[in-house]
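Quick heads-up: it's one chain on its own, the form predicted on its own, in structure tokens.
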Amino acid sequence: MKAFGYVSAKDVAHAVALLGEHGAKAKILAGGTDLLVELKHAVHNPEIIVDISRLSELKTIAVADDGLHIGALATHGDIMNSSIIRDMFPAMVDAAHSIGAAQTRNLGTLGGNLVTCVPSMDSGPALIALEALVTVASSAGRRQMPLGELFVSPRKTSLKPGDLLVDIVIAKQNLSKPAAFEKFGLRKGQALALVNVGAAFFIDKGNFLCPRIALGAVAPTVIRAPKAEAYLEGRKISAEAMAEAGRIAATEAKPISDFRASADYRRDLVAVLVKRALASAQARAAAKQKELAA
């Protein structure tokens, strides 16, 4: 590991200025769970580390006029402990709980997990299914884009040198959308996903409305399953429809075979987990409706 500079950013504006000055030669330190490993093995060492871990403005979880805002520095533990997220999106709590060990969840940040951009990330599928947006700050100002546009390929995002992910937004119209997350790994804890799935849909007179299905660990990035979504749109909710959506989603997956599982096994998992996620989202919608009626 070569020597590098270190600066603790005072606020977002200071961090953006530092990133704009150093460009591709800068690395961002948030939770550090990925960066510290990377620094030991990286071929190209950074010129400077910009530490944003103390920026409280990037740690907030709050509902605003346009939707739910989750700061990029919110840790997986923060998400699990947030009464707002537990009430609105228990799927996100499930996803956060499946990430690493307690130490990782207490240090690792949502923003860091997303920009690491590994296909098996657990935070991505539920957020993609909820059509989350991300806000990016740079010297040119702030811009928003769908989360899916952040992902380019394994460990590569669309962020440019000088960009800083500042928050994740679930739009107001999706705040009441039932969602679920399912994951299958080789063990119950601290396991990379062989497949993970996020699913969300509204219910309109017993029919699927605006269904969204996201698949992880079966393509170079987290992907949507548009054919399965189209099949469900307007269809009567039933176990048979959920099973068929799972079978269709399996045809949309693009898994590889490796030492952990074959491509065919991963496709079988997609079919099963999509069905489970849809059923779980329906159960949560029913429970919420019962709670509101009580």
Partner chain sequence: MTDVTMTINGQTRSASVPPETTLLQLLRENFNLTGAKLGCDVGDCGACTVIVDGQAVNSCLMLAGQADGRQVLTIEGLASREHLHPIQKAFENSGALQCGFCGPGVLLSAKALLDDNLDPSTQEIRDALSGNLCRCTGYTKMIEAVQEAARLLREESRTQLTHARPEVATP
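Numbering follows the first chain given and starts at 1. The structure presented is a predicted model; accordingly, all values stated were derived computationally and were not measured.
Form predicted in complex with its partner chain: not shown, discussed below.
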| said: Although the partner isn't part of this model, could you tell me whether N106 comes within 4.5 Å of its partner chain in the predicted complex, counting any heavy atom of the residue? | reply: yes
| field | Partner contact for E252 in the predicted complex: its partner chain, 4.5 angstroms, heavy atom | value | no
| message | Can you work out whether I237 and its partner chain are in contact in the predicted complex, taking contact to mean some heavy atom pair no more than 4.5 Å apart? | response | no
| task | Although its partner chain is absent from this view, report whether K290 comes within 4.5 Å of it in the predicted complex, heavy atoms only. | result | no
| in the predicted complex, which of 110-118, 163-171, 148-156, 186-194 comes within 4.5 Å of its partner chain (heavy atoms)? | 186-194
| said: Counting any non-hydrogen atom inside 4.5 Å, which residue from A261, L29, I61, A241 sits next to its partner chain in the predicted complex? | reply: L29
| message | Please tell me which of I84, L209, A140, A102 lies within 4.5 Å of its partner chain in the predicted complex, judged by heavy atoms. | response | A102
| query | What residues, if any, in 53-91 have a non-hydrogen atom within 4.5 angstroms of its partner chain in the predicted complex? | reply | S53, R54
